[in-house]
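The chain below stands alone and is given as structure tokens, in the form predicted alone.
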Amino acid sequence: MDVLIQLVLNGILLGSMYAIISVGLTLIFGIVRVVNFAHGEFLMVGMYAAYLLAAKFGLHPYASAVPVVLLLFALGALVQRFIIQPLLSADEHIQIFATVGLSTALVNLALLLFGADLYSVPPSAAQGSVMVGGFSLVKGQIVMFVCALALVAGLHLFMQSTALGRAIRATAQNRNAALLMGVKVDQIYVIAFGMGAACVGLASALVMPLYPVTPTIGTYFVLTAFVVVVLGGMRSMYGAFFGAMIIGLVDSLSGYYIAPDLKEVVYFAIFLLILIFKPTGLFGLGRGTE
């Protein structure tokens, strides 16, 4: 029983990392209606930024969260304004090709600048563990869990309590009606894409103490994030959070009870089953009307 409880705790904490990454992906898809295949590379850019701030200025990755979040917001806003925006009226596969091309460009730019070597920040307290009720928890994962809760709660308050948040919700629900009500939809798209990228910027700063960065690190995380987003319902921020918890639990339990090298098979099998039997996801809201 103690082993099971430890695995459940590990899964929940692991899920919090997936949640922060997936919430940003959900924001972008739910509002802009674009599947951003460069989302993992945004994470990679943020991790390199956190690494450089640690290496050049001695900043702990947690202290670098603010500049990294601002950097990723700016990157996301620029990508939306100059790459995605001109393609919004094009076929969806053209938009997908654009984000795939951006992903490839960012990976190759990172290889050009940093090579294929692993880069990590100096060891810190975030990599240590703490005993809670007889169970061992990684400090960095506890921080991610708290930040994931704060992020979802903060986004909820922002969406419900501010004029900009209501404009974003209106755009997500019905773009044409929002236009008729005076909402500047193109600006909302830029802001929403920037917010989604900023979420992954926060994830970058939190992940950096626990994982080394390479040009291809985003691939692993973004594949899992897509599973989470589909499981959660594509447009549901809360669905992304709870979907991430489920995937974290599946990862932890299947890695122990089945085999560590088969855990990805298990949750990708769940991914396929969800697509077949409930395409809107477990917490799906459906697609907003146009």
Partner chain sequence: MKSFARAALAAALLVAASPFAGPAAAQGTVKFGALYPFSGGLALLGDESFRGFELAVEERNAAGGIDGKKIEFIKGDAVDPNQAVGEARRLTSVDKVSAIFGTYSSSLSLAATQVTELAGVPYFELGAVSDPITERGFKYVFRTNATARDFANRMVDSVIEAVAPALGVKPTDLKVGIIHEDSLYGQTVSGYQKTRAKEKGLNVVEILPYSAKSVDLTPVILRLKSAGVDVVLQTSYQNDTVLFFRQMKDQGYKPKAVMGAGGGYSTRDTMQAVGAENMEGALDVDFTQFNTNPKAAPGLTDFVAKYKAKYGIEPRSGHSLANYMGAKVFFDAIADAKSTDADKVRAAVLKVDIPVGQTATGWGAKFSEQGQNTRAQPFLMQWQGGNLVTVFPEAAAVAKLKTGVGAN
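Every value quoted in this text rests on a predicted model; they were computed, and no experiment measured them. Residue numbers count along the first chain shown, from 1.
One more form of this protein, predicted in complex with the partner chain, exists but is not displayed; see below.
Quick one: of 187, 120, 162, 173, which gets a non-hydrogen atom within 4.5 angstroms of the partner chain in the predicted complex? Checked against the cut-off, the match is 120.
150, 177, 111, 88: which sits within 4.5 Å of the partner chain in the predicted complex by any heavy atom? Only one listed residue qualifies here, and that residue is 111.
4.5 Å heavy atom contact, residue 16 and the partner chain in the predicted complex: Heavy-atom contact with the partner chain at 4.5 Å: absent for residue 16.
Taking any heavy atom pair closer than or equal to 4.5 Å as contact, tell me whether residue 242 reaches the partner chain in the predicted complex. Answer no; every heavy atom of residue 242 is more than 4.5 Å from the partner chain in the predicted complex.
Looking at the partner-bound form in the predicted complex, is residue 221 within 4.5 Å of the partner chain by any heavy atom? Yes - in the predicted complex, heavy atoms of residue 221 and the partner chain come within 4.5 Å of each other.
Looking at the partner-bound form in the predicted complex, is residue 104 within 4.5 Å of the partner chain by any heavy atom? Because no heavy atom of residue 104 falls inside 4.5 Å of the partner chain in the predicted complex, the answer is no.
In the predicted complex, segment of 255-263, 225-233, 59-67, 32-40 with a heavy atom within 4.5 Å of the partner chain: The contacting stretch here is 255-263.
Which residues, if any, of 59-92 lie within 4.5 Å of the partner chain in the predicted complex when only heavy atoms count? Nothing in this stretch is in contact.
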